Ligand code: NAD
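Encoded as structure tokens, the following chain is the form predicted alone, with no partner shown.
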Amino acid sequence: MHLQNKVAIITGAASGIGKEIAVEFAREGAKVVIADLALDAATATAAEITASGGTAMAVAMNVTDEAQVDAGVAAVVAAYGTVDVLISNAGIQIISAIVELKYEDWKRLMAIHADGAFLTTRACMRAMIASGKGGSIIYMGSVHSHEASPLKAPYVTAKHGLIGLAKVVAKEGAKDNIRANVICPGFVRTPLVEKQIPEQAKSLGISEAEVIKNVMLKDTVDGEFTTVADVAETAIFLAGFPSNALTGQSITVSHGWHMQ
């Protein structure tokens, strides 16, 4: 169990992919931190993990709030002594054609995905360097870190940017044994994706079934959604990898939608 007693902060972990990663990390022996905007939901998730025999704590964290991010990471260090893993997972989606996209929506999405990744990275890198033990930073990218789709300009822009950030962190962090990688899932049927199905159907003028078959899954090899378990297993592999041999990389988990 490569994650035994490792301290892992997972943002946006009260639901969806983040929650699955938290649950699986706890099963692997990690001490997991449910960092989420919704403190009640984060507390409930931490309680579920604890009730199942794991170790978890909840932290209120708006990833776009510098003071709250720094305070949250400081609280984790006070409780568990260090930070070994950051999973930068918090995110939203906004469906809109560029010509109709509100600037405030562009800024909101970019703030959560890009600013949030930066702020949590900076705070966790500082803790990792102080501990002298290094660590692993994993960004939740997307197939849209490599590909583009209509109606997703800010999301595609932000997800491409995460690969750039991971590469810089890999370069700067190497001397302190800090690795950085990006997981790039295809469509995972989370509440975030469920919300997109009717939105895209309306924007594209097609049925919801056609959105699933001809938009979301058309380029997969088997017409299947990526699962939260698929993503969690990839995160376990990356977090537990023992050396700098695997850093600055993006791992695509998409049923063959995007092949590198």
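Because the structure is predicted, anything quoted here is derived from the model rather than measured. Don't overthink the numbering: it's just position in the shown sequence, from 1.
A second form of this protein, the form predicted together with the named molecule, is not displayed here; the remarks below concern that form.
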{"item": "Proximity of residue 61 to the named molecule in the predicted complex, heavy atoms at 4.5 Å", "value": "yes"}
{"item": "The named molecule contact in the predicted complex: residue 14, any heavy atom under 4.5 Å", "value": "yes"}
{"item": "Contact flag, residue 191 vs the named molecule in the predicted complex, heavy atom cut 4.5 Å", "value": "yes"}
{"item": "In the predicted complex, residue 179 touching the named molecule (heavy atom, 4.5 Å)", "value": "no"}
{"item": "Every residue of 173, 237 and 251 near the named molecule in the predicted complex, heavy atom within 4.5 Å", "value": "no"}
{"item": "Residue stretch of 199 to 207, 48 to 56, 61 to 69, 22 to 30 approaching the named molecule in the predicted complex, non-hydrogen atom distance within 4.5 Å", "value": "61 to 69"}
{"item": "The single option of 83, 117, 166, 140 touching the named molecule in the predicted complex, heavy atom within 4.5 Å", "value": "140"}
{"item": "In the predicted complex, the residue from 125, 151, 90, 76 that sits within 4.5 Å of the named molecule by heavy atoms", "value": "90"}
{"item": "Sequence-ordered list of residues in 115 to 132 near the named molecule in the predicted complex, where near means a heavy atom within 4.5 Å", "value": "none"}
